[in-house]
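Included below are structure tokens for two forms of one protein chain, each presented in isolation as structure 1 and structure 2.
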Structure 1
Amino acid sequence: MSAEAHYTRYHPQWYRRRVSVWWWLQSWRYTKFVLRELTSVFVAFFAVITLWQLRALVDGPQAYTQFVRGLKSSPLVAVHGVAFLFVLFHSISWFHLAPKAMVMRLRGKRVPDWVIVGLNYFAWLIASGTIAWLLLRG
């Protein structure tokens, strides 16, 4: 028996049904999945902006002032508003997906999904409150 594949002149073609590029719009579950994946781009956008801000902080007060002035431009404010909505969708959809991605058991029984989702929202609230307190205290 040889290891090489043999070519046959009239090899049958397999039937493959054409699938539209927009297949994911046919079901809300698929649409949510694709949107959650696409919103990762906006999460990366915020990460890059944060790294850029840290770089401006390292470069000194003048560079940071220039960075903040650049963030106040109207087009960038609009982009940040849209990006915020997408990141919010990304976070909320991930919190609701977490019980399926991370099954927790307590004393041999599975923890209910609503407990895991609730703990995620609680942690988000605590982290947001702590950050707001640190930024607004003076």
Structure 2
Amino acid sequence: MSAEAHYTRYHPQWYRRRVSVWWWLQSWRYTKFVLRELTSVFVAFFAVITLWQLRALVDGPQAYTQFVRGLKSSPLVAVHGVAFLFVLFHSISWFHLAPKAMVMRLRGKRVPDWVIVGLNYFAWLIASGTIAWLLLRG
């Protein structure tokens, strides 16, 4: 490790505990953090699936029908189910962390966190509704 911490030197008898590779299993808070970070794997998975679907769509009706049939296989449905839960976890944790990074001030006062979180949920609702409408209007 290149980074050296500054400790008072010449105290060889001071006890330093090394952090275990499994540090994130030692407390539920840390495990939850690592799970939150791992939502990114499912985000990437769905981005790739979307790209794949796009390519099938461009390749013509036959390729697309085959792709859609593939989506109906039970293992892929199961993976999508799990991915959906992780992506939801990503959305919710992202919205709740947003006000920490984004500080908005209105008339000299900081806008309360719940307002920013609420705006995120509102945007989520509108965006989801619009996309569903575009895809379902037939």
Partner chain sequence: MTGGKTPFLWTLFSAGGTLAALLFPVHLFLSGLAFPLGWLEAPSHDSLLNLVQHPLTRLYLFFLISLPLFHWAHRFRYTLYDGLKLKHLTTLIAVLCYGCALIGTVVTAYTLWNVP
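Computed from a prediction, not measured in an experiment: that's the story for all the values here. Throughout, residue numbering runs from 1 along the sequence of structure 1. Rigid core here is just the name for the largest C-alpha set that superposes within 1.5 Å across the two forms.
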Pick one: which structure is the form predicted in complex with the partner chain? 2
Taking the rigid core as the reference frame, is the Cα of Q26 displaced by 2 Å or more between structures 1 and 2? yes
